[in-house]
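One chain is shown next in structure tokens, namely the form predicted alone.
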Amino acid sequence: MDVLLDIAEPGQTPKPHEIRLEDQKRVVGIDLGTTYSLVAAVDMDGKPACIADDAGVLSLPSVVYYSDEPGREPITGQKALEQAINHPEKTIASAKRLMGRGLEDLADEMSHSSLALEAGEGGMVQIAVGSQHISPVGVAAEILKSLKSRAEEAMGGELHGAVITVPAYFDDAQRQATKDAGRLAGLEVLRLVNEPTAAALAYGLDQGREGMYAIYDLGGGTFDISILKLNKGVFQVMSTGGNSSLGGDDFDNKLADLFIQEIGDENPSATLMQICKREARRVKEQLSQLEETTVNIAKPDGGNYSRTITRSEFNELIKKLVRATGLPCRRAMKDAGLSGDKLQGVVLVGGSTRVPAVRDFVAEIFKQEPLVDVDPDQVVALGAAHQADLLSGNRRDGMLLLDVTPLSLGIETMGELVEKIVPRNSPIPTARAQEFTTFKDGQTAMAIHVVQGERELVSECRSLARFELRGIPAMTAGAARIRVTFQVDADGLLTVSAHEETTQIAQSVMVKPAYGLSDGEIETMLRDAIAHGADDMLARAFNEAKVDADRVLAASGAALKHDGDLLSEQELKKVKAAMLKLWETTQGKDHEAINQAIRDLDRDTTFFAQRRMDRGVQSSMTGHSVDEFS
């Protein structure tokens, strides 16, 4: 009879991930993926490795099956995936694409889904499964619970915390949803780390390389591009870009649509859609290795749909999707001030980068062959495990991680203008403050409108939050000092506070938008900022000039009301004529004409200002001797 022996070195645990509590804290890194998820930990030798399940499989399908039976727990992973054919309406996959989103953002997802999506609390989408209403956050929590259980069994005890990765282009709502999922799963979320950054962290530590690298991350549901600088243990994100609704799932959908069209079923059942999508995924993976493969699908009428599909045919189907990753790449390079020949390498992350057409396009756009010596499926989880180990204090010789904000953050000022306080690509965590003042005499409150985007006008940016600061002392316009502070934490979540310096009153808000940016909205915002840059600057110049004109007219009117008796009838006509001319110019669109009219009014009222000053000094001196002032 053969006997298997579990052998370990003296002083070491027989299980590679099992950790003695007195030695170090049990922490993990989790790649919460659209299609598959992984959990990794640093072993006793200081090496990160992904943790397998009982069958030795590293990846967990990001799928959850919900039964109608009362009290029955949801099923996750491969067992849930097997339920998708017969019970597609109860099996939820790719929930990551729904997290922190609203119904209006999900037209494409709904067209390829057998799930019933509806609006939930706060406008965020939820999934109807029979009589149950499941949030994408709840689905993600079930996946995280499975990974947590797997890790605790392998590591020999309860976890102390986890680092969870997110796409670099996840907005505040999507990041907060990920954190909430971690808490629901019973995890202490140490930090959210952008997926490309985690990949670079693992890659840099494993390879010991330095320089400028592009991290091209194409997963099942999201695309990210980041330019990172690796130098003497410092990982600095120089720029970032991407699309939170573009990934390998879209490749599958293109194939599945082709199959359904050729089958000739105008109203395919949910079961047929699931069969076609599963076959599409298999075909995609086959064509990454072979030049052609055969499709076989049982038709609803009892027949069989069979055909051969070539790699070149598949490449043509997904051509537009692959090339859609090009614009974010070019913009990220421009933001970092680089050209392709200045990069030390391009690192591929995500299972979808195994598609040859993707690798060919990456080589074309960056003018060099991408690095393929790192497993694109595992590298994100490995980097997250490194970061978790550092944050837990298990090691103190780690790397410094500097991430960035993907879009500018600011507030609305007079004239519906945006004042950017945290510029795009600012390293995080960060805190930045700026002083503002009142516009009108006697103003006792200020409305703070927080916005996100690159355009100059509020109407062209995304509204994040609104709050009011009340109790400002009634003073003349411009006398009050209100300090507005933006704090972005290491997870990319924003807190805005306003503080009036005289009374010390303060108000703050943690920004939690009702739902995330829609499909391609971030990309559209950046593209529009470039396309309309010149027009935006003209619009800003006009609005600024008009605000100045309104302020000058209001001040001049108040001066005439208070001290108009200092002017003769002829002088009064001259001042009013200059004011009328200024008002008339504000009805046009020429900011230079407005600024000139402001200067003319200032010139024509200089004598009036001098008389008002003399009256003020005389009033102050009345009843006092010169000696008192000396």
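Just so you know, these numbers come straight off a predicted model, no measurement behind them. So that there is no doubt, residue numbering starts at 1 and follows the sequence shown.
The protein also exists as the form predicted in complex with adenosine-5'-diphosphate (ADP); that form is not presented, and the subsequent description refers to it.
Site annotation in the predicted complex: the residue of L391, V355, L192, M333 reaching within 4.5 Å of adenosine-5'-diphosphate (ADP) with a heavy atom is V355. Site annotation in the predicted complex: the residue of P328, P88, G77, G220 reaching within 4.5 Å of adenosine-5'-diphosphate (ADP) with a heavy atom is G220. Although the partner is absent from this view, G29 stays clear of adenosine-5'-diphosphate (ADP) in the predicted complex, with no non-hydrogen atom inside 4.5 angstroms. For K546, no non-hydrogen atom is located within 4.5 Å of adenosine-5'-diphosphate (ADP) in the predicted complex, even though that partner is not displayed. By the criterion of a heavy atom within 4.5 Å, G242 is excluded from the residues contacting adenosine-5'-diphosphate (ADP) in the predicted complex.
Residue contact check for S288: one or more of its heavy atoms lie within 4.5 Å of adenosine-5'-diphosphate (ADP) in the predicted complex. Segments offered: 474-482, 68-76, 212-220, 430-438. Contacting adenosine-5'-diphosphate (ADP) in the predicted complex at heavy atom distances within 4.5 Å is 212-220. Counting a residue when any of its non-hydrogen atoms is within 4.5 Å of adenosine-5'-diphosphate (ADP) in the predicted complex, the hits in 25-44 run G33, T34, T35, Y36.
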